[in-house]
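Shown next as structure tokens: one chain only, the form predicted alone.
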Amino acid sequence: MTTQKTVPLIELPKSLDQLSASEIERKACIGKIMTYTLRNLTGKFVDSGFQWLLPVALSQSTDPLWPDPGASIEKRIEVDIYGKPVRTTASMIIHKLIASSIAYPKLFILSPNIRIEKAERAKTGKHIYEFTQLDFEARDATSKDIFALVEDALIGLVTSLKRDMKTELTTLCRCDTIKVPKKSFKIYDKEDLETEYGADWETELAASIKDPVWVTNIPREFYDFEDFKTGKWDNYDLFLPQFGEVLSGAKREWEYSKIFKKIERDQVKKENYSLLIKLAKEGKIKPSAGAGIGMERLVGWIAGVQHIAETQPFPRVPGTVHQL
């Protein structure tokens, strides 16, 4: 006899004008948690020697999101500016690689990202079509350096929240249920997870864990470091209970021959990354590692929301467009 899993019904977030008095109170609490989280994390990065850069909304070079099998984009937004095609930012990965190599050895950005998700992802509770990443990169850093930085930041954040935001966490019924993570977070290899859970390993893992965990060795875009001899990838995602991936990052490729070979192999449009290719050929791209933290998923986990669009003042739910 086959047992079918019960999928919880998720109510889609409403626009501000549709909220009841109690829902407005809840929304305000989530907003205070977001404010505290942004102040805490940006302070952590500044104190760790990172420079805070301003974001880019339109660019000829942005994340190709290919051949990452986890990407589910319905369409890409492209406009003509001064006779040249530019795209809305899917992530600032290319900007980070170049900026950290040339002028800002340690940097971070609160970067808006637009990814028009398929409408069927509306009720996953963890997808929105416009979101903000705390994007960071460090020259000459290793994956272990990033693990240590992120674990310290997350542990410090939750510890501080439980001390300073008891009223808000109590209102959200999270004061007692959210626990301070302990170092070091458990590490899984993606191949082992596929063996255990199958193709739907991401959903199964998020449903089974009670604490944040790392997942490594994930075949992805050309800029993540790949060992051609072993076939292993020096990259990582941080998974949270319920929401899954909250952070995606890697040690980066910097050698021209590998970057060019992978762009050709993956059939990525070279013309969109001609500056990166040129700089790599000139030896100007330096080794680095970094990641991007999805702020809505992180705060959604902290606040215990059903849908991460609850963390947004103006919800960006796939398939839904509000006036604001």
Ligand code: ASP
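Just so we're clear, the structure is a prediction, and the values are computed from it rather than from any experiment. One rule holds for the numbers: they count along the sequence shown, beginning at 1.
Note that the form predicted in complex with aspartic acid (ASP) isn't included here; everything after this is about it.
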Exercise. Verify the contact flag for S91: yes if a non-hydrogen atom of it lies within 4.5 Å of a non-hydrogen atom of aspartic acid (ASP) in the model of the complex, no if not.
Key: yes
Exercise. Verify the contact flag for P212: yes if a non-hydrogen atom of it lies within 4.5 Å of a non-hydrogen atom of aspartic acid (ASP) in the model of the complex, no if not.
Key: no
Quiz item: Is F222 close enough to aspartic acid (ASP) in the model of the complex to count, meaning some heavy atom within 4.5 Å?
Solution: no
Practice problem: Give a yes or no for H95: in the model of the complex, does one of its heavy atoms lie within 4.5 Å of a heavy atom belonging to aspartic acid (ASP)? | Solution: no
Quiz item: Since exactly one of A291, L41, A280, I33 fits, which has a heavy atom within 4.5 Å of aspartic acid (ASP) in the model of the complex?
Solution: A291
Quiz prompt | Stretch in contact in the model of the complex with aspartic acid (ASP), which is absent here, among 177 to 185, 160 to 168, 100 to 108, 244 to 252 (heavy atoms within 4.5 Å) | solution = 244 to 252
Quiz item: Though the partner is not shown here, which residues of 118 to 136 have a heavy atom within 4.5 Å of aspartic acid (ASP) in the model of the complex?
Solution: Q133, D135
